[in-house]
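Just the one chain here, laid out as structure tokens, in the form predicted on its own.
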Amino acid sequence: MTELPRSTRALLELANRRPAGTALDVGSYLGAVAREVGCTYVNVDLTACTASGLSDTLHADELPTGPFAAIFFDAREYDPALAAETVASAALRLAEGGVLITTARPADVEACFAQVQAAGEALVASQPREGVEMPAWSAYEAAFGGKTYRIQSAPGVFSPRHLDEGTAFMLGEIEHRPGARFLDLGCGAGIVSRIASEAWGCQVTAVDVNARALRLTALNAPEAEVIASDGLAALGARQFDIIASNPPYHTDFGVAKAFIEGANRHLAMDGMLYLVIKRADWYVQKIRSVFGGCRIAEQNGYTLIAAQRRPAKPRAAAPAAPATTKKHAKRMAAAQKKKH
């Protein structure tokens, strides 16, 4: 059995502290709490929902309306600001007498609950404070190509306060045309999708594992098709003329390997892959091995790799095997001489 992280174990140890009634599991590892208490599992990350193997899952950055007698929230892999927002959301969704059992930061829990008790490595909170409100989302303005774009943003997505420098560098290097099938892989708040669809006239598909990123992209790039997908997994046999990504800096190169090989399969012939990264050596070598070559540009510590899908070169035919060995041929020649 998979070893559970301490934060999830801490919640499981308090499962008997929940009042009778409907419970909700937010973010526990592999849905361990949901499996134990028999409830819905919610996670902002699609891969976590899929890996849980549970049928009652919700891939979302918002909690169901409830009300719930108990909400278990494992904040282990949540962005701190998103975790604080989730605590406030839980306070608004508890039934009278309900409890929040969580590993979120004490200050965030105490800001929303009048009664907070430490229990091992978790907190048990009750009596939501009056006037608890959901934090307001923010917005920023991004200038690109002589135009300014207003982008709705929120905690829990990549670069929530400005257009990331690496993304801006990548956008400036992309060769585009109207009508091109464009895949924004790991769309974040949707700035790439917005520019590709609105300014360039591309047919944009945006994918991400993060439910909040998908919701923001739908708001910021309304012309884009938005799909929840772990990498390229949900795209079937679809092909694109351009695939662009500012990927997370993987420590597991197995993820990056699958991404690069999958991108090659999903590109139409002569289609282009654009990646902007900081630690480039492994990526460059892998892309060269898959695509046969690539173009590299560098700016302020970022590396832009551009690679084109080309027809596979036919393999040279192997030389025909000799009909016989030299030694055997000499013997045959000697035997012929004796006959004559």
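Numbers for residues come from their place in the sequence shown, where the first is 1. If you're wondering where the values come from, they're calculated on a predicted model, not measured in any experiment.
One more form of this protein should be noted, the form predicted together with a small molecule, which is absent from this view; the next part is about it.
J.: Consider the chain as shown here, without its partner, and state which of 247, 155, 128, 262 has a heavy atom within 4.5 Å of the small molecule in the predicted bound form.
T.: None of the other options qualify; the answer is 247.
J.: Looking at the small molecule in the predicted bound form, do all three of 188, 231 and 255 come within 4.5 Å of it through at least one heavy atom?
T.: So, yes: the whole triplet contacts the small molecule.
J.: Although the partner isn't part of this model, could you tell me whether residue 159 comes within 4.5 Å of the small molecule in the predicted bound form, counting any heavy atom of the residue?
T.: It does: once the small molecule is placed as it appears in the predicted bound form, residue 159 has a heavy atom within 4.5 Å of it.
J.: At the 4.5 Å heavy atom threshold, is residue 192 in contact with the small molecule in the predicted bound form?
T.: Residue-level check for residue 192: yes, a contact with the small molecule.
J.: Answer with yes or no whether residue 167 is in contact with the small molecule in the predicted bound form, where contact means some heavy atom within 4.5 Å.
T.: Contact with the small molecule, yes.
J.: So in the predicted bound form, is the small molecule close enough to residue 209 to count as touching (4.5 Å, heavy atoms)?
T.: Residue-level check for residue 209: yes, a contact with the small molecule.
J.: Only one of 70 to 78, 142 to 150, 112 to 120, 179 to 187 gets a heavy atom within 4.5 Å of the small molecule in the predicted bound form; which is it?
T.: Selected stretch: 179 to 187.
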